[in-house]
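So this first bit is one chain, no partners, the form predicted on its own, shown in structure tokens.
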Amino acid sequence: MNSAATVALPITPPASITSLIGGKRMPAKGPLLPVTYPANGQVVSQLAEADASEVDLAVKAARHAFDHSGWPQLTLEKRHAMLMKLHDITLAHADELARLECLNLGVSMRELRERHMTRAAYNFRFFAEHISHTKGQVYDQSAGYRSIVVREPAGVAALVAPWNAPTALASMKVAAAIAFGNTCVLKPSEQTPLALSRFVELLHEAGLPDGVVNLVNGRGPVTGEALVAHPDVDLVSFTGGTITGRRIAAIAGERLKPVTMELGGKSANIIFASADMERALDAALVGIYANNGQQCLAGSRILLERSIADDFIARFVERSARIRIGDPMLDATELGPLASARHRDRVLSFVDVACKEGGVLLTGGGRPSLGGDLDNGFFAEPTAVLAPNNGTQVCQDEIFGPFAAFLVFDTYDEAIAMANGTSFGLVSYVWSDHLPTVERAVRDLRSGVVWVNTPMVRELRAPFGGYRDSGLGREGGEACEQFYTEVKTVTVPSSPVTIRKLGA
């Protein structure tokens, strides 16, 4: 179950992290916040928090770059070439970025290197290819007139990134914003600034003009609110928790700033008796334990048809107990620590909640004994409970950790009612080889994404986002084009028009 008890630190992080504004590092002047390695609880760096005045400098740098650098007017060919340079330099430094990410996140190196950083690089390639196929519209149905519809960059974007997949998700926002000619100010989570700080340095090393991408660091109520409320910020993209999302949307709404919000989830993973059980079992384990369970896409409610429930749960529990927990710097590790001690304690507190609600603890539920420095880390065992009904807290609250809740159903209608019986609606999973069941479920499930007979697959060309408390707007190729651009209609007469003369 456990990997080595020693903690390897094969890369030395910077002693402090400061803002990067207009291509230049800022001196540390605000409060210093500790950056902790979750595997052993040690402080590995310090983050200098940007106050409102520093945020103002960053927004002004982005505004100046938008108005005077020529970035929004750059030819398609040159912007495409720049995006590909950003792809190449991100990929070339994938191992370095993964190690920095691991130092403040605790997700396994293999997952970070093979999934997160590969995705971060691909985001730039994807949008380089997308802008090569954008098009305008022409309307000539009105006699004597031709109207041309074009899209132009919206301006300065505030990009607020989450802590659970910092570089993979922040790079999506950055790539989309600048691909369409915008400039931006990026604010990472104060918990996970290491890789993103280096990432923004790399963008400048690749030749990105100063001021196009700026970085500020700090807590949401200090740095984040100052950024979102700044009058020169034109639009806001946020990924994170629903409560914070509501606050950001309210601040942005005071100035009618467009927002996209990718928020929480409590996704249903529905497994019918007609499913391929081996694939469904593998996917259920990946769906809740990948990324240490810290993902909004997690299949955290596993709904089982009664005829398969006992066998499936037994096999799930047996596999969970064999998951290799330990040093996230080692490729053999399958489950690393949670991001903070506070978060680990919150996740494990749901064990008592589940039992008080009449649930049954099936596996895990505590802190593993790993030995050495790892015993000071923020580890939690892979945990699963059998819930008595969908109305329980463990089936309604987003736990955001390696914590699965099982539910048993007898009929299709009961399964769909359970799946939809939540305030969230981000993704749903359906496992069945019976085509009519799949077709009905795809129609009836109330979520922004439905994955059929597959674990998580992110198709960047398609819109991604959720219903209800899971967010506002969508991300993806065309969805990002619509968000990061303004629509302009230009109407031109085909010949001089006759205008009536008032006051003649």
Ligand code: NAD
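The first residue of the shown sequence is 1; numbering continues from there. Keep in mind that this is a model prediction, so the values were computed, not measured.
The discussion below concerns the form predicted in complex with the named molecule, not included here.
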{"query": "Single option in Glu305, Glu334, Glu381, Glu398 placed near the named molecule in the predicted complex, where near means a heavy atom within 4.5 Å", "finding": "Glu398"}
{"query": "Listed residue (Leu103, Val213, Cys296, Leu83) with a non-hydrogen atom within 4.5 angstroms of the named molecule in the predicted complex", "finding": "Cys296"}
{"query": "Interface membership of Gly241, the named molecule in the predicted complex, 4.5 Å heavy atom rule", "finding": "yes"}
{"query": "Interface membership of Gly377, the named molecule in the predicted complex, 4.5 Å heavy atom rule", "finding": "no"}
{"query": "Residue contact check: Glu190 to the named molecule in the predicted complex, 4.5 Å heavy atom", "finding": "yes"}
{"query": "Exercise: Ala175 in contact with the named molecule in the predicted complex, heavy atom 4.5 Å", "finding": "no"}
{"query": "Within 4.5 Å of the named molecule in the predicted complex, all of Asn164, Arg219 and Gly264 (non-hydrogen atom)", "finding": "yes"}
{"query": "Which of 360-368, 136-144, 73-81, 231-239 lines the interface with the named molecule in the predicted complex (heavy atom within 4.5 Å)", "finding": "231-239"}
